[in-house]
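Only one chain comes next, encoded as structure tokens, the form predicted on its own.
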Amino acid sequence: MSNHLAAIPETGIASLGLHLPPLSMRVEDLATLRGVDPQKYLVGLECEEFGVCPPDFNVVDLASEAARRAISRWDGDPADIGMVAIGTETAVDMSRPLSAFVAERLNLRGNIRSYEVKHACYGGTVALRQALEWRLSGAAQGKAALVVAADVATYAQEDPGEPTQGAGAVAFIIDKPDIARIETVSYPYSSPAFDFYRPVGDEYPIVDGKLSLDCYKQAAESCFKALIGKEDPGAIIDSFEALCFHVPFPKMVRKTVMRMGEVFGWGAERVNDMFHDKVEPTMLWNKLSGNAYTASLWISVAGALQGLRTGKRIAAFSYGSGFGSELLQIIAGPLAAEAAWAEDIRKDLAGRGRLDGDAYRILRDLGTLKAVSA
């Protein structure tokens, strides 16, 4: 019997692809429509724009195009993909996995493990970890994995979460660590909670905002404490070029970082400097996409990896309500410096139409794009 577990290849992110929906809206325009002071969104939430999907465009389109872009940049053969795993909380079917819809679009079939992962915004990270561990175990027999984190986050009209909504997808080819290597050891933390959930049949989620923020802070604090152990927090944090977080909305990340600074015993100036240097720059794309649930952290990571020299490190904190979380360490590979995937964001931002208040209201009320302005 041949030993398929003898040689385990180096594993990491070999290729990246991103996709944002074809429409967007500025939060100032939403504020005007809702009769709210724009500063409540711009300063209170630190949001800027959010992606919007037209009626004929959904999470399958997002995931499929992100995956197509990742595959197009990969120097491997699609026939060598042995796993398709998609993290999402925007399921389009209660039985058929989103991976089947994407595989159908991309003509991926054969000896492939194909499935969907659900754990709120943490699902994409779980799918990624499973692909990494599948490769590292030797069970992949040298095959690559296609992993996609994709979601459309939509709230009821006039819901407090409406300005934080958004959409996006990030796709990875897990093969050689050309773009980045992810450390095998990670730092998870979970605790059951009903901070954010959507019962079967409900169109929009139920959110306990205060509880959700408390859970998020607890998770981040616990994961970073596990990473730091008995070491000096300052030395550990300084070893990272960037700290990436799941971004429900940017102010939530800021509040969490401030809390972590208190736990570390740092003064306000030191925490603010760390936030401005290592965290805030990672959220530039998130402020243009809005919350993309499972894709949110990975939009931040894709932004932070741009231009990094080989060996430079970033930390990535993933959180999903319910709740589960995990802190990963990511090391830049030789292709991080050229950041080919950044073209995806530039292309999507340049080509998307912008909704004004009237167009958005018609889109939400009637499901038509007659009043959409480019």
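Owing to the predicted nature of the structure, the values given are computational and were not obtained by experimental measurement. All residue numbers are counted from 1 along the displayed sequence.
What comes next is about the form predicted together with ligand COA, which does not appear here.
Undergrad: Would you mind picking the one in Gly234, Gly209, Pro281, Gly138 that has a heavy atom within 4.5 Å of ligand COA in the model of the complex?
TA: Of Gly234, Gly209, Pro281, Gly138, the residue with a heavy atom within 4.5 Å of ligand COA in the model of the complex is Gly209.
Undergrad: Since exactly one of Tyr155, Phe240, Trp285, Trp134 fits, which has a heavy atom within 4.5 Å of ligand COA in the model of the complex?
TA: That would be Tyr155.
Undergrad: Would ligand COA be touched by all three of Gly166, Phe245 and Ser296 in the model of the complex, meaning a heavy atom each within 4.5 Å?
TA: Answer is no for this spot.
Undergrad: Looking at 344 to 352, 35 to 43, 301 to 309, 50 to 58, which stretch has residues with any non-hydrogen atom within 4.5 Å of ligand COA in the model of the complex?
TA: Within 4.5 Å of the partner lies stretch 35 to 43.
Undergrad: Answer with yes or no whether Met252 is in contact with ligand COA in the model of the complex, where contact means some heavy atom within 4.5 Å.
TA: Residue-level check for Met252: yes, a contact with ligand COA.
Undergrad: Taking the shortest heavy atom distance, is Ser321 within 4.5 Å of ligand COA in the model of the complex?
TA: Ser321 belongs to the contact set for ligand COA.
Undergrad: Is Pro177 close enough to ligand COA in the model of the complex to count, meaning some heavy atom within 4.5 Å?
TA: Because no heavy atom of Pro177 falls inside 4.5 Å of ligand COA in the model of the complex, the answer is no.
Undergrad: Can you work out whether Gly142 and ligand COA are in contact in the model of the complex, taking contact to mean some heavy atom pair no more than 4.5 Å apart?
TA: No.
Undergrad: Does any residue in 178 to 197 get within 4.5 Å of ligand COA in the model of the complex, counting heavy atoms only, and if so which ones?
TA: If the 4.5 Å heavy-atom criterion is applied to ligand COA in the model of the complex, 178 to 197 yields only Phe196.
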